[in-house]
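The data below hold one chain only, encoded as structure tokens and taken in the form predicted alone.
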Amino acid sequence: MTTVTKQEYGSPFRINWWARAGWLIAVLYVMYAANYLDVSLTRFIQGLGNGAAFLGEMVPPNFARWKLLVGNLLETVEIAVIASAFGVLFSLPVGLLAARNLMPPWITWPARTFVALCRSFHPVIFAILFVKAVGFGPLAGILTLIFASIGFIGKLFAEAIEEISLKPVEALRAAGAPFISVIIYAVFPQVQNRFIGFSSYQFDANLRNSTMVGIVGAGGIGGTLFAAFQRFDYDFLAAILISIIALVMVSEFISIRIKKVFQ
């Protein structure tokens, strides 16, 4: 029998020198960036000690000002509910107009540009802009989260529509059904469950973001949290954080129940 050597046909696993060079460059850049940003193990270990001391000052939590806490939590929930309702309502037509399998390009491009603009900035940046525009308070937070909702739900809703089967759409069009009937009976039933999932997730996100935008004056419990942090009122800060965690957990439970109802 003739023995075929490895040199005659080459190695079955060839070395990709470009990939290795890419990994080497990535590792070198990470080392350079860590050194430039003063990221070191010494600072990390020192930070663990500072963090432990900080957590020690937060124990036990102080719920003495529970009326202020409850009032701010209710305002946070109201901001999230209103922003989610209007955000979902506006996302429906925007996502529909952005779907390339249903709309012509001269409609989808402006709609997709608007969705991209809504997703371009962090909610805190939007909150700063709206605080300057409409002043401090919940209205700025509501407008901020509406734009954030359109950016998220509008994009996912458009992508969900683009993945539907077009056979029911073509059947209704061939039967002479108007456009709104095509949307209601051929498009929406195929994306209903996904849209409910998107909406419930966005409500959870709005609930968390409503606590964050309050730091810049857009209403909610975030302003109280930031004030407690500035006053070194760490025991009350712990009470606020525990309340936010409990609120998010309740929201998660409600979202799960809603999804089960529509499944």
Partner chain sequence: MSSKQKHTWERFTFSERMARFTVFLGFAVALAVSLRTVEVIPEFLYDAPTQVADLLTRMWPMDLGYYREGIHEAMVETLHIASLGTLLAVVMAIPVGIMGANNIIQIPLLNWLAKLILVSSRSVNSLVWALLFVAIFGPGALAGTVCIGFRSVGFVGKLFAEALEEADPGPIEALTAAGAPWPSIFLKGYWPQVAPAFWGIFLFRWDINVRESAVIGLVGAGGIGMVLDTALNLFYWDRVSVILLSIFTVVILAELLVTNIRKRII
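Heads up, when I say rigid core I mean the largest set of C-alphas that superpose within 1.5 Å between the two forms. Keep in mind it's a predicted model, so treat the numbers as computed, not measured. Positions refer to the first chain, counted from 1.
There is also a form predicted together with its partner chain; it is not shown, and the following applies to it.
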Counting only non-hydrogen atoms and a 4.5 Å threshold, tell me whether K67, F195 and D235 all contact its partner chain in the model of the complex.
no
In the model of the complex, E78 touching its partner chain (heavy atom, 4.5 Å)
yes
Considering non-hydrogen atoms and a 4.5 Å limit, does its partner chain approach G56 in the model of the complex?
no
Whether P93 contacts its partner chain in the model of the complex should be assessed with a 4.5 Å heavy atom distance threshold; does it?
no
Might N101 be said to contact its partner chain in the model of the complex, defining contact as any heavy atom within 4.5 Å?
no
Consider the chain as shown here, without its partner, and state which of I164, L139, I107, L73 has a heavy atom within 4.5 Å of its partner chain in the model of the complex.
L139
Within 4.5 Å of its partner chain in the model of the complex, counting any non-hydrogen atom, which residues from 121-140 show up?
F121, H122, V124, I125, I128, L129, K132, A133, V134, G135, F136, P138, L139
Would A19 count as moving between this form and the one not shown, using a Cα shift of 2 angstroms or more after superposing the core as the test?
yes
